[in-house]
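To begin, one chain is listed below as structure tokens, in the form predicted on its own.
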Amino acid sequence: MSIDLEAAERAFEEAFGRIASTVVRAPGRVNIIGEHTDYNHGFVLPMALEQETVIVAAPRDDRKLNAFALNMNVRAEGDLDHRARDPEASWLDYLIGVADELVKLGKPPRRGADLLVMGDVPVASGLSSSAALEMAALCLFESLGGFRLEGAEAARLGQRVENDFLSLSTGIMDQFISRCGKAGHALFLDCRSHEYELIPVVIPGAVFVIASTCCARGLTSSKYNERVGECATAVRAMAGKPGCAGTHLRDFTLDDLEQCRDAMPPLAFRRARHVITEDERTRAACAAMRAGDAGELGRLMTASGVSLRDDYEVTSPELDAMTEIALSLPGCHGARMTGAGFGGCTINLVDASRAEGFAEALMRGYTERTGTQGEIIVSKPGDGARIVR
């Protein structure tokens, strides 16, 4: 656990003048491989981080959410009976959106709350601070309401918050790993069936090193939704050919795509090629992780990064520089961008004996190349969301 909970509770008392009764937490995540496959019903292999979002709260006698975001030092108020987005406090939308989905499930929050939000998941870095906030909010309402959603149902609720309340065409991976992660494990998830397997992260002699470009993601909802639409264009082209049937890119092979190349725009072809090959790489990476094969896992990660750069076009100059430098350093088995892209972080598989020198050389080289100071984020695979008390 990365946040000092006693300090968080003291901050709550200072902000609201009373003692908190509820503490919940939920982690961010890093995706080892399987990028932009989740909304295509494919496969992903993320792990939960030790970095987390914590909510400290006490119930109110009315229907208000009186919220204080400690990291930003701002307050906002929401109404559980009038659940609308607030353009002045977009961070509160995630809590209100969770409440709105619970109402639809017949589990409306019974009472409002005074609540303090704090965390150390870097924002806009591709490590899913938003899903951490959603899953922490769900834990808060579960604690106050005396109910519990199952893992997959909880993740689906978080996805609906983004799809329906926030109008973002996101997949389910981030909420799933934030809710269902386990310390020491990655999570291999089928984003269609929601079946998953916890895979021990035991790669002899190698560790993951997360590196932030310290450039906030430039991915707007429109850019994200463009990729979703381009994938749908490829699906329509393939589904219209004899012998091909399916609703998402997960249903098609690379041979199917090649046979239908002339039936779709070149851009849609490249987007689909990334997703189809990324699914193959993710399954192969899962096997490599089970076998403890650092060389093969690193090779697959690097191939994923090339595909994300060239076919899916979601990297950035800073991400490309960080990855190129990492791959040039001794002891690096593989490197790629992680998260939705257009900024954020890379994930690197590195010999444990060289990890410290690797991190220093990577940060030095990145600053020399870009003029920007990067940051190393250290985390072992962490636990999923839970009610602390």
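For clarity, every value in this text was computed on a predicted model and none was experimentally measured. Residue numbers here begin at 1 and follow the sequence given.
Although it is not shown, the form predicted together with a small molecule is what the next lines describe.
K.L.:
For the three residues 34, 174 and 340, verify that every one has a non-hydrogen atom within 4.5 Å of the small molecule in the model of the complex; reply yes or no.
P.N.:
Yes, each of 34, 174 and 340 comes within 4.5 Å of the small molecule in the model of the complex.
K.L.:
Just one of 170, 143, 233, 316 has a heavy atom within 4.5 Å of the small molecule in the model of the complex. Which one?
P.N.:
Result of the distance check: 170.
K.L.:
So which of 224, 91, 269, 208 gets a non-hydrogen atom within 4.5 Å of the small molecule in the model of the complex?
P.N.:
Checked against the cut-off, the match is 224.
K.L.:
Looking in the model of the complex, any heavy atom of residue 38 within 4.5 Å of the small molecule?
P.N.:
Yes, residue 38 lies within 4.5 Å of the small molecule in the model of the complex.
K.L.:
Given that the partner is absent here, state which listed stretch (318-326, 359-367, 61-69, 332-340) has heavy atoms within 4.5 Å of the small molecule in the model of the complex.
P.N.:
So the stretch in question is 332-340.
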